[in-house]
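Just one chain follows, in the form predicted alone, and it is written as structure tokens.
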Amino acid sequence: MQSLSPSQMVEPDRVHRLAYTSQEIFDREVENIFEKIWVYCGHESQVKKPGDYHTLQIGRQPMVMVRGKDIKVRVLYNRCPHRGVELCGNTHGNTGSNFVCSYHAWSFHLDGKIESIPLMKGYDGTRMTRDNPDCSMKAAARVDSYRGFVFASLSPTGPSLLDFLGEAKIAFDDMCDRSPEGEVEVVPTCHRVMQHSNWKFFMENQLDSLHPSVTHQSTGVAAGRIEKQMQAGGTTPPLYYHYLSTFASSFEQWDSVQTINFPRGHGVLKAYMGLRPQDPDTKAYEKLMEKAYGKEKMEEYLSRSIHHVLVYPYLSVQSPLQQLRCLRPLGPNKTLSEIWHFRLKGAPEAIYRRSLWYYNLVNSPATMINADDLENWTKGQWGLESTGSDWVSFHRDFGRDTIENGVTYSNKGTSEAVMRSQFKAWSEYMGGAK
């Protein structure tokens, strides 16, 4: 079975298990997908001052996002060109006016160009000269940003960032438009989670409307019970109970929530939570938004039917809750997820605190929600590594979705159109399409 090609692994309604378990396939994914496409690096507010840096990984490549003296944000390979030592060993910090290698003290300007080489005479007559590009830090082939969100591609060719994002750019528009200033800034604390499963489990799960009332039933039912008790006693429950109780909605309710599946595997799960209570905090926020944009635009921005936007194959954005999750695949059965939270510039502190509840309840180390998912994905990985069956089923509502101009609209919220769309994009990437 190892001889199966990626195209043979994907059928219209099912996928071979080796797409999740094969080291060979994972290596091809790194080469054909993650080290070619536009990959999210971070937000400009993570590197506010010259010398500020943030390290990350693109595919298997260690990279560093840095603010230069010219205020420009660059993405460089986190590697000294002398003997290959990583220049930045921390996740973030300020490197001062230059990068200095801890091994032999080669130093580099913030744009990556060589600054000085100790005992330079030792290189007389060799190819290692200051004007040789090989003596400078290598830059990512392409770097671009959208609404303050920075992306890099290691490939010099391919679609532009906006073409790559396509309709999925609404994730960043929706988040930023909710700020009276039209901008967000990152919250420095990042929740990092190591999942012992293939990255595809995460991407499929985010728009899977069939699993919440099963997987998250214990938390959702308990939260709903407290909500009802508080209401019966004449008290309005805090919004964070609603965050949790909604996970236990009925199958019929989940079936009424539509997914929209775009080319390149991107997708949207439409809104299913009520996130606009008419309390004093929300009304004060809406006044600020109306002052900034006018009533019509304010309503447009706050009434968008979005809960989740996926930028395939690695990014999940919950724009109404100011949250972003980024995957860094490490192996066929190992994936790092980085979970970031953002402040809406100019919005009241109460609005930030409200979204912070969701960030912590759903995705912190003390989560009552994501822990359920992590267990299922791990068990899913173990199951697919067995020989119980070679195929993974995506038959639900197969042939019953609406397709218009390359976009698939699920007519049932629990349709597995999401997975079928993602694997269509996966097949194209693995076949060399961009």
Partner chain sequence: MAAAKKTRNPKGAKVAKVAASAKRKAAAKTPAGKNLKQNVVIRAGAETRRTGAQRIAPDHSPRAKVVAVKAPRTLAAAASTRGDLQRRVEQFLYAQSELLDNKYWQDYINLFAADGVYWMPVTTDQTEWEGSPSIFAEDKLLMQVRMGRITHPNAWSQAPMWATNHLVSNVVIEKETAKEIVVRSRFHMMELRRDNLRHFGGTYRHTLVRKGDSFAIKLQRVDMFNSQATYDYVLQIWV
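On a predicted model such as this, the values are computed, not experimentally measured, just so you know. Residue numbers count along the first chain shown, from 1.
Note that the form predicted together with its partner chain isn't included here; everything after this is about it.
- A residue is said to contact a partner when one of its heavy atoms sits within 4.5 Å of a partner heavy atom; C101 fails this definition for its partner chain in the predicted bound form, lying far away.
- Under a 4.5 angstroms non-hydrogen atom cutoff, its partner chain in the predicted bound form lacks T387 among its neighbouring residues.
- Contact check for F251: a non-hydrogen atom falls within 4.5 Å of its partner chain in the predicted bound form.
- In the predicted bound form, its partner chain lies within 4.5 Å of some heavy atom of Y409.
- Not one of V73, H82 and M128 is positioned with any heavy atom within 4.5 Å of its partner chain in the predicted bound form.
- A heavy atom within 4.5 Å of its partner chain in the predicted bound form is found for one listed residue only; from A350, A105, M120, M230, this is M230.
- With the partner omitted from this view, the residue of K295, K113, K345, R192 that lies near its partner chain in the predicted bound form is R192 [heavy atom within 4.5 Å].
- Proximity to its partner chain in the predicted bound form, taken as heavy atoms within 4.5 Å, picks out 220 to 228 from the listed stretches 310 to 318, 145 to 153, 220 to 228, 82 to 90.
- Contacts with its partner chain in the predicted bound form, taken as any heavy atom within 4.5 Å, map within 167 to 181 to E167, I170.
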